[in-house]
Structures are given as C-alpha cells and as structure tokens.
Ligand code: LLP
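Below, in structure tokens: the form predicted on its own, a single chain.
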Amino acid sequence: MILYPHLSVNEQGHLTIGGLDTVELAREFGTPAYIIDEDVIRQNMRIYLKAATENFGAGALPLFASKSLCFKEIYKIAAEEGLGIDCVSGGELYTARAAGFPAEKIFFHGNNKTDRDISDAMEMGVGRIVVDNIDELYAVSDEAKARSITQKILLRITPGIDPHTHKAVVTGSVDSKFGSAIETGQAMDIVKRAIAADNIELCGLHCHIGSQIFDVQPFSDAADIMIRFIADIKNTLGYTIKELNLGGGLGVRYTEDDPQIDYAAAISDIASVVTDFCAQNGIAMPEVRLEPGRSLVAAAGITLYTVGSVKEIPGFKNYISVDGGMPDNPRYALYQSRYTALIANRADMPRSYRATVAGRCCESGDLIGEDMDIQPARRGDILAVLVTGAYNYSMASNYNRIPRPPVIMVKGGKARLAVARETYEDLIRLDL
C-alpha cells in the first residue's frame, strides 16, 4: 500500500491503481492523464451518507462539492449513491443538468451570482439557492417574483472561525468575501430581510470555514456558533430555521507526513455538538447538510506523466521534467501544495533521489513539487503524482496552449474513458 489501499505495486514493480497497472494505462491512454478510481469515490460517498444519517438523523444529506471535480460522470455517480450536490457556477449547473442529476437535490452557491445564473437556476428548478449577500437576496427575490414562484434559499453566514489552514482557502473568517458575519450583526440583518422578502422561503443557514483542515475542533466550534445563532433567531425573531449546512473542508492525506482522518468519527464529533445543544435548549434539530468535496475524490485520483529530461545542477538541485505541469495541476503554484510522486515503472525501488518535478511550460513557476523524494528517473519513464482527484482536472487550463488531459475512470479492474483528451483542434475551435 502506498498512502491508500487502492494504490499498490505489482510483481513487475509497477504502480497499480484499483488493481490496474499504471504503466499499461499510460501506454493505452497516453500521458498526461488523470486516472480516477471510481470504487474509492463510491466508498467515500457511502461513508459520509451513513455517518450523516446515523448521527444527524434520516433527513441529513451530504452534498458533493463538485467544484473539486466536475464532469458528467461524477454527477451520475453522486446521484446513484444518493447524495445531493453543491454547484458554484452556471457551468456546473449546466453539466449537472446534462448528466440528468435531479434538480431538487442541487444547492447553488457562489458569492456573486449573475442575473443569468439566478435565472438559469430557477429555470432548472434547483432545490436551494444559497444566498451570499443582501444584493443577491433581492436579485433572487425579484427573479422569483417575475416567475410567480417562491424560491427556497439558505443564507451563507460567516461564523468567525480561523481554522489555521492556508490563507487562500480560509472562508469562514469575519473579513471573508463570502457571506454575512454573525459578529458584526450583518447576519441577523440579512436574516430579517430574508424573512420579509417577497417570493422567498428562508429554509436554513450555511457556513464553510475553509479547506484541507485536519483538526476537527474548528468544525465543532463552527457548529456550536451556528446552532446558537439558530437559537438566537428563534428567540429574537420567532422564526424557526429548519436546515443547517455545515459545509466541508476535512483534510486529505497527500504525503506520509499528513495525518489520516476518520471521516465517520469526525462527523460523529461534530454531530454531538449540535444534538447536545438542541437537547439542552429545547431547539428542534435542523436537517443537517455536509459538503464534502476533496475528502470524497482526492485520494481516488492520480496523474500519470512521461519524463522528458533529467537535469542535475551540481551543488544546487536536480530537475525531473514531465509532459504536463501547472496547466493540469496548478495547486503547487497557487498554494505550495505538497504531493507524493514516484516512478511508476520502478515503484518497487527506494525513493533515493531528491528532485524538483517541473512542468513543460515556459514559466519558472511551473512546478509540481520541490525537493521531492523519488526513484532515480530517466527519459521515457512514467511518473505518477498521487492524490490528484480534487482540484486538478477542475482547475486545469490551456496555458501555453496545451490541451487538457483525459479523465480515465477505473472500476472493478477495468478502465474507461470519461473525458476525452483535448486536441489542438479543440484549442482553436472558438477562434474567429
């Protein structure tokens, strides 16, 4: 096992994923290529659904945060596993609709929805629009009134939690671009406005404190703040909040130095805060939503590359250059995210070589990782970067006019193409 049970080494010394030889996958589908183990995603979805309903009650529902990995097949999997989904753009809504995902189980997020986004969401019949701010509240109200419908909404609230993660993925602090803060009084103000707004049904509240968090305590603290705010709304305004969306953000093990989280146990810990407060204060238990994204799909994915060159600078560092890079994985450039990498065709050998893995772009910041321990490499080797199922394909670009890789789904020992490799013709298709 390498980090996770679905990753192993076969008798030929090759890395395997879901029992399939990655060297053979690279030969069949080419590189770069995203490989996703569907069985792992389904298993993780079942863990979340079981833990949510057991700890929060039958009305609890995990929502797959599809910004982490968005293509038609992933929505079909979420639907089959009984999850809802969280969409944050018109493009994600369009993809979900094309996949046939049930609209009533879609929660539509985003801090700056356009008028078209709001109109498209209502036309599609999404279950909830998560309203971020006062301007958006009235835009939703106006559109619903024009359609002579009542739109169900949640309000995004910032609980003022510092989860001690990378500042670029903190979302629950008072000075966040997202939501209305309890601490400043703005949260109570937007609740009052939502209750009074035309053609709006305020169903619940939403919060999200950040991403890649290994400590469960910030989630418990946020749950405590939110449930107390629900009680305050009831006592102050006489209004019952029936739904509470506690967001996502539990961390994922990218390297051997990262801890491994028991997601079911974490959900149980968070649930105890909510259930105990409700029981002690006579508050009706809200229907709880969770928004896992990374923790459902990250570990399921790897990315395969072909080594182009190995460059050694005596007294400085070594470089292994591959046929992909920041266009298919921008997370190191953005967040200095750490990864585990290995030479897939010699995965049984010690990782005795230290090198920076560099991409092919004409950009000095095009790196996948620095000072990574890896097997010695040579031109033509297959290099695998592990745990790339989240925020890799979904954040991919065509920088340097490089086509995006395909997505290959592995299930039950078989591989199939889920997203085709882009071609040069695709790159110029919209050019006039």
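Please read all numbers here as calculations on a predicted model, not as lab measurements. Counting begins at 1, following the sequence as shown.
Omitted from view is the form predicted in complex with the named molecule, to which the following refers.
For the options P159, P292, G301, G359, the one in contact with the named molecule in the model of the complex, meaning a heavy atom within 4.5 Å, is P292.
Contact annotation: of the candidates R97, K105, R331, R346, the single residue with a non-hydrogen atom within 4.5 angstroms of the named molecule in the model of the complex is R331. Checking 112 to 120, 278 to 286, 293 to 301, 131 to 139 against the named molecule in the model of the complex, the stretch whose residues place heavy atoms within 4.5 Å of it is 293 to 301. Among residues of the shown chain, R404 is not one whose heavy atoms approach the named molecule to within 4.5 Å in the model of the complex.
When the named molecule is considered in the model of the complex, A65 lines it closely, a heavy atom lying within 4.5 Å. Contact check for L49: no non-hydrogen atom falls within 4.5 Å of the named molecule in the model of the complex. Within this chain, T340 is remote from the site of the named molecule in the model of the complex, having no heavy atom within 4.5 Å. Not one of L7, R253 and Y319 comes within 4.5 Å of the named molecule in the model of the complex, counting any heavy atom. Interface residues of 72 to 107, taken as those with a heavy atom within 4.5 Å of the named molecule in the model of the complex (partner not displayed), are limited to D86.
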